[in-house]
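Coming up is one lone chain in structure tokens, specifically the form predicted on its own.
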Amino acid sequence: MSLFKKKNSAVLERNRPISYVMLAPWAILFIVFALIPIIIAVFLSFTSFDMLNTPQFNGIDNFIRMFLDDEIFMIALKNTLFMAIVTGPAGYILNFVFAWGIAESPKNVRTILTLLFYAPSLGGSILFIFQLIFSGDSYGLLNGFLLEYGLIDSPIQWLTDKQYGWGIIIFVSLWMSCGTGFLTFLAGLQTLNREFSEAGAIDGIQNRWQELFYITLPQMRPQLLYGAIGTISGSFGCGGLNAALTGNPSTDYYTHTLSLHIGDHAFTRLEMGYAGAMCLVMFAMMLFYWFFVNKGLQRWSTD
């Protein structure tokens, strides 16, 4: 056994340079487009920088302004947390439920259903359809239908009225949530070790729910973790959908989110230091959220 380990170690050492070469393209892209921007954002968060003059260090002034003087930031923070708490877990669960159901269907049907469920996540054309449905004039499909049958007397401003806007955004967000996480779950479900299911049946697994909880989920922990990362990033980075449906800014900023607020200060007002501080706060919130999600998923493991 020791001889085998020595030979195996020698092979690994011989192939190590090749491994570094294969990893180099990804590592370079990660450093240039992920790590360096994060470091720059952390530095800028403690400065006053308008992209024209040299950054001026101002300590924690950006953070004081953020939490004590910027009322719109507090609205955006509340809305972002709301989206993360509501659409994040709901979209995550729906992704898995849809993938689980499709994985149990025949192969030909599975292909068609996968395309149908994944298509809404492609974005642009779907948003146009929802803009047409919820348009606030009489030409909107929903208003036209309600007016035609005498259910309303005048068009409803679905996307600018606070009474309806959030419900529509949540509905559309969940409708478009079956993206990469959905495909990851579906791929994981199709590569499960079926011998575990057979062993579970012998050991007393009585129904599909027990099989899901005790056999399927432990085998899918890597896919669950990957899906959680995507869901957390998507829920905290929400904003494009809100802007497309309710405008940017929305009425009284009622659907304004941190990503929209950051974009406003970074690219419209050129306050890169203040935008960097908000990015740092949002990143810390994502890490905090991820910590609890990871702790929750650790209960399922095949180790």
Partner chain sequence: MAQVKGPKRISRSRGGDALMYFVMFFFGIIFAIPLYYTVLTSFKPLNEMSVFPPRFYIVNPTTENYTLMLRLLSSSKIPFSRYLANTIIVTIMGTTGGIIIASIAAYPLAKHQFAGKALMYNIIVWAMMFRGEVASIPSYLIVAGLGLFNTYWSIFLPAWSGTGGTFMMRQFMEASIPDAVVEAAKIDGANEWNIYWRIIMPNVKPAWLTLIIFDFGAYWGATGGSYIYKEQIKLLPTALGMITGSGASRAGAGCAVGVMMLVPPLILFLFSQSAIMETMSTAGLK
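Numbering follows the first chain given and starts at 1. For the two forms, the rigid core is made up of the largest set of C-alpha atoms that agree within 1.5 Å on superposition. What you are looking at is a predicted structure, and each value in this text was computed from that prediction instead of being measured.
The same protein has a further form, the form predicted in complex with its partner chain, not shown here; the description that follows concerns it.
Each of G140, E198 and L287 is positioned with at least one heavy atom within 4.5 Å of its partner chain in the model of the complex. When contacts are judged by a 4.5 Å heavy atom cut-off, K78 does not count as touching its partner chain in the model of the complex. Remark: A275 counts among the residues lining its partner chain in the model of the complex, judged by a heavy atom distance of 4.5 Å or less. A residue is said to contact a partner when one of its heavy atoms sits within 4.5 Å of a partner heavy atom; T160 fails this definition for its partner chain in the model of the complex, lying far away.
Proximity of A41 to its partner chain in the model of the complex: non-hydrogen atoms within 4.5 Å are present. This chain is drawn without its partner chain; in the model of the complex, the residue among I202, I93, I152, I85 with a heavy atom within 4.5 Å of it is I202.
Interface residue among L217, I156, L113, M74, judged by heavy atoms within 4.5 Å of its partner chain in the model of the complex: L113.
Residues I129, F130, L132, I133, S138, Y139, G140, L141, G144 are the ones in 129-144 with at least one heavy atom within 4.5 Å of its partner chain in the model of the complex, listed in sequence order. Core-superposed comparison between this form and the one not shown: the CA of M22 exceeds or equals a 2 Å shift.
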